[in-house]
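Only one chain is given next, in structure tokens, and it is the form predicted on its own.
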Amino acid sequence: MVKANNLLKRREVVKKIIDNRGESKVITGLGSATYDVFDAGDSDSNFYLWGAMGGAAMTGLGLALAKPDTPTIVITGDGEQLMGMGSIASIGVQKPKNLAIIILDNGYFGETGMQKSHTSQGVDLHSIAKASNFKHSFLINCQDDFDNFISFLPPSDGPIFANIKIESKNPPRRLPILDGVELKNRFRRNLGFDPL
């Protein structure tokens, strides 16, 4: 068990991921991950997934398979990922080399009132990813672990899974636009497709 005062700070972690994304497209899970990525720097290469709890990893898988030359990073929380557990197995079967799934694990369901999540009660997402045949799976408890993981970005030797233990304090929300149609259209344009 990691001591609370040794946990990584979510905004610092996300900022470093974004700074090392290269040409990666970034899909965010509902809630705090979206606020963190937006705070680190809005981009048309970011797709903020509003209102689809549990769907971030599968959205990332779909993009990684459709655009195998495009590195894809999913950044989401433990609560959101726990609602889409089957996606870990699906990614392990499909084995996209260009996909990284990054879990910001504070052990709580932050969007529904800070109830303890399953990860604070013994569920180990890192071990689940390893058992699901991810090529690389990291359990990140300290800065040295995180610095080692960062060298795997942008993803090209995946699938990659990173379970990053972060402190449970939530910084102030930084909200991107909430218009789902505009988010979809700007992301499509960034991928080289016409808006729908």
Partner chain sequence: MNSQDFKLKKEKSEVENNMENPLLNLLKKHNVKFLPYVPDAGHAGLISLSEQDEYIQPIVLTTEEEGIAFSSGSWLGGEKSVLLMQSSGVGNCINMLSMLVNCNFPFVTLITMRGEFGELNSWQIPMGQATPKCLKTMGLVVHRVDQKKDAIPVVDASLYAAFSSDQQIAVLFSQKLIGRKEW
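Residue numbers count along the first chain shown, from 1. Quantities reported herein were computed from a predicted structural model and do not represent experimental measurements.
Although not depicted, the form predicted together with the partner chain is the subject of the following passage.
- The partner is absent here; in the predicted complex, the one residue of L139, L49, A40, L153 having a heavy atom within 4.5 Å of the partner chain is L49.
- Relative to the partner chain in the predicted complex, residues G107, V123 and I128 are all farther than 4.5 Å at every heavy atom.
- Per the 4.5 Å heavy atom criterion, the partner chain in the predicted complex is contacted by stretch 62 to 70, the sole one of 155 to 163, 31 to 39, 62 to 70, 139 to 147.
- Within this chain, R174 is remote from the site of the partner chain in the predicted complex, having no heavy atom within 4.5 Å.
- Using a 4.5 angstroms limit between non-hydrogen atoms, L82 is distant from the partner chain in the predicted complex.
- Although the partner is absent from this view, N98 stays clear of the partner chain in the predicted complex, with no non-hydrogen atom inside 4.5 angstroms.
- Residue contact check for K184: one or more of its heavy atoms lie within 4.5 Å of the partner chain in the predicted complex.
- Residues of 53 to 90 lying near the partner chain in the predicted complex, listed in sequence order, are M53, G54, G55, M58, T59, L61, G62, L63, L65, A66, K67, G86, S87, A89, S90, the criterion being any heavy atom within 4.5 Å.
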